[in-house]
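Take a look at this one chain, the form predicted alone, written out in structure tokens.
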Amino acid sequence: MQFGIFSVGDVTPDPTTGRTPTEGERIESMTRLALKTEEVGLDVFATGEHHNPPFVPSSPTTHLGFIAAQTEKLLLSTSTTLITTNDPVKIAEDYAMLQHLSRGRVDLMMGRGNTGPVYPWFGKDIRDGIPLAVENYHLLRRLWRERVVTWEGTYRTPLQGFTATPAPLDGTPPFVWHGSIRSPEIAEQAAYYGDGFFHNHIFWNKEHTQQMVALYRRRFEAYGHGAADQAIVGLGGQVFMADTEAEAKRVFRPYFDNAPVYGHGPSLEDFSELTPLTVGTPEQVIERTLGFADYVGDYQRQLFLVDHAGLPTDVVLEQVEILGREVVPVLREEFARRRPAHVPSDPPTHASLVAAGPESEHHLVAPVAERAQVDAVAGSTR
């Protein structure tokens, strides 16, 4: 099972000092967070993509390339890449380039983005969000799997005999996750292609997350990729830890109470009860995280949000230290103990996808079951 950190890159004042970091300081703190993630033995660092204050990560491939040059094992990902407002041709080329530079240590998470104004800034209409995601991703799959693409759709200039450069490393496209908070269509899209499904899990009760993951699992099986419990699932979650629960709450409470995404709503205690937010000891984080699998099933990737709400960089790095030293080793052992033998322990990686060979389902534009259905319909009309 993979464990890692995902950052949204918010620039938020520290409520205990009143100081707001500069954008440069925030970018530097995210880099230090990624390096610490590798140092303590976690597997993944993922950055969000935003184009509006108070967020800084507008160019994930630039940042991840910089991090790739300073790391050896860390898997680099996004949370998310905007499949709606980015040109799929540019996504294909940017992430293939990053894949080469990092020697295959790349996967990415597609998402629609939840900031309304970003759509018109990039010439799109938010009312087209779902069909944009569907059309753009299908074109991206073709660009990564077909050397020459001729294509025409609704939302983009047609392509005539176009070849994206560079081609994916080893002729093997990066593994893709589809991130969704509440859109069944995105869970359906992930299931259709046999890609991973990531629920960010941050602001939602377990019943909602359970429903979305269950939908993806059912459709994954229906499309013939394997049994429902073999579907590739990732979850988010946010934590803050100290030696005692009281100390963790004492330190974290002013950040929670004043953060734009938390503050002035439910209390820390109420929010913690309703969502995965865990503020307490490492043992409490272990117990809570192991409980996620009770309602979504055995899953393959757990990402933690730790650098938000104005927390100082040194405090954030200490949180990652605790995760690497006390929490994740226990989670690895306990998740492995409960996982049935037929359920994958890890998501696909570049190495595993290359080993599966060019005839594997990953290299297909459409899944085998869908192609068989199309062939059957064509045969019946001849």
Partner chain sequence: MTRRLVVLAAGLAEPSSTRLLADQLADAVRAQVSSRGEDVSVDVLELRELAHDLATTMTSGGVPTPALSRARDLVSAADGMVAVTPVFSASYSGLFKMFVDALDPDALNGMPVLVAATAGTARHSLVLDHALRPLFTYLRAVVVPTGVFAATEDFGDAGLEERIRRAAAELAALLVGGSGGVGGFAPDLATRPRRSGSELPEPPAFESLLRGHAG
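Positions refer to the first chain, counted from 1. In this text the structure is predicted, and so the values were computed from the model without any measurement.
The protein also exists as the form predicted in complex with its partner chain; that form is not presented, and the subsequent description refers to it.
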Quick check: do 189, 204 and 218 each get a heavy atom within 4.5 Å of its partner chain in the predicted complex?
yes
If contact means a heavy atom within 4.5 Å, which one of 92 to 100, 297 to 305, 240 to 248, 134 to 142 is the stretch that engages its partner chain in the predicted complex?
134 to 142
Report the residue, out of 175, 255, 193, 292, that has at least one non-hydrogen atom within 4.5 angstroms of its partner chain in the predicted complex.
193
Position in contact with its partner chain when the complex is considered in the predicted complex, options 152, 170, 287, 125, heavy atoms within 4.5 Å:
152
Hey, in the predicted complex, does residue 223 get a heavy atom within 4.5 angstroms of its partner chain?
yes
Do residue 283 and its partner chain share at least one heavy atom pair within 4.5 Å in the predicted complex?
no
Is residue 274 one of the residues lying within 4.5 Å of its partner chain in the predicted complex, judged by heavy atom distances?
yes
Does its partner chain get within 4.5 angstroms of any non-hydrogen atom of residue 116 in the predicted complex?
no
